[in-house]
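Shown below, as C-alpha cells, is a lone chain in the form predicted on its own; questions about how it binds or moves come after it.
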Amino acid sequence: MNEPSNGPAGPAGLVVGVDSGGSGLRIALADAATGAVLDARASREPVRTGPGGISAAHFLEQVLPAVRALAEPFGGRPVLAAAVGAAGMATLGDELRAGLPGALAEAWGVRRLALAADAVTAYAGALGQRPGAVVAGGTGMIALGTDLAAWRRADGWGHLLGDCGSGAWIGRAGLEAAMRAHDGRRGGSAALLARAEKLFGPVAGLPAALYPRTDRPAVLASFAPEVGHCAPEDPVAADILARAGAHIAEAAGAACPAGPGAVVALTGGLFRMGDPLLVPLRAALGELLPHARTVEPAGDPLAGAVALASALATGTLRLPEDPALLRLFGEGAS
C-alpha cells in the first residue's frame, strides 16, 4: 500500500463522495489525505432514469451546485478525486460512465474518478478494504464479497427472481400466510391475518389493490415489520424469519471468500427488525461460515464513497476494479 504524499494528494486536497439511491442524493466533501468529512448536503430528489439509463444531466444538475457551495469555504483547495455510488450503476450506468469523467474534470479539474454500484460503496463503508462480505438488506437483498482480487455477488435479482430473505420476501411470505388463514388452508397465521387486515383492509381485496401497483416490492416490504412483531408469539411468523435468515446466510456464504480472516457485515434497514430475524440469521451464519467473523458495519454507503475517493487521491485503493461494479477513470485507471 502506498503512503499518502505531500504533493497534490496531500493535506491541501479535497475529495467528493456521492451516494445516489431511490430516496435521493447525499454528497460529502472531505479532506483527501485523511478522508475526514468537512461538510455534506442531501437532496430528496432521486436522479431520474431515462432511455440511456441513469441521467447524467440530472445528476450533474444536482451535484455540481452542491459541491460548489460545499467547497466555497475551502477556496483554493483542489478536488483531487471523486467517487460516486449509485443504485443501478451495474445495469443502468452507461450514461454516467460516458458523461461524468469529462464533466467532472471540466467542472473541478478532478484527476481521478470512481463510479461504483451502491453495493460497492456499502461494502467500502462497512468493511473498508479488507476481505469479506457485506449483506445489504432492505426492500431487496444483495450480498457482495471480495478477496481483494475479484468481486463475488450473490442475489440482488429483484423480488420476482430473488432477493430471498429481503423485506419484500418476508412481507410476501407473511401475506401468503395471512391469505392461507383467510382461506382455512394449512400454514396460515391468524395473527398475520389480523395484522394484514389492519394495514390493508379486507384481504380478499388485496390482490386487486396490489397487483397493478408499480411499487409492489415496497408495499410487500411494508408488511415485514408486522411479521417481526408477530414472530415471538406466532410460530408461522417465526418460521418465515428463520427461513429468511437461512436465505441471507446462503447469500453471504456464496459471496464471502474462503479461508481464515474474512469478516461479514450486515447493513441496511432490514436488520433493524432485531432479534426475531438476527437470532436465526446469526445461527445460520455460524453454521455456513464458521471461518468468518461477523462485525458491525463501520459506516454507511456515503462513508464508503468518501473512503473510495480518499483512497484514489492517496494511491491506496485496494478494492478490485470490475466492469460493472467498480470503474476507475483518470490517473491510476487501468
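Owing to the predicted nature of the structure, the values given are computational and were not obtained by experimental measurement. Throughout, we count residues from 1 along the sequence that is shown.
Omitted from view is the form predicted together with another copy of the chain, to which the following refers.
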{"item": "Non-hydrogen atom within 4.5 angstroms of another copy of the chain in the predicted complex for each of G184, R216 and A251", "value": "yes"}
{"item": "Contacting member of H229, R97, R180, R130, with respect to another copy of the chain in the predicted complex [4.5 Å, heavy atom]", "value": "R180"}
{"item": "Heavy atom within 4.5 Å of another copy of the chain in the predicted complex - residue from E176, D239, E197, D147", "value": "E176"}
{"item": "Residue contact check: C164 to another copy of the chain in the predicted complex, 4.5 Å heavy atom", "value": "yes"}
{"item": "Close approach of G88 to another copy of the chain in the predicted complex, 4.5 Å, heavy atom", "value": "no"}
{"item": "Distance check, P207 to another copy of the chain in the predicted complex, heavy atom within 4.5 Å", "value": "yes"}
{"item": "4.5 Å heavy atom contact, L288 to another copy of the chain in the predicted complex", "value": "yes"}
{"item": "Stretch in contact in the predicted complex with another copy of the chain, which is absent here, among 118-126, 199-207, 103-111, 76-84 (heavy atoms within 4.5 Å)", "value": "199-207"}
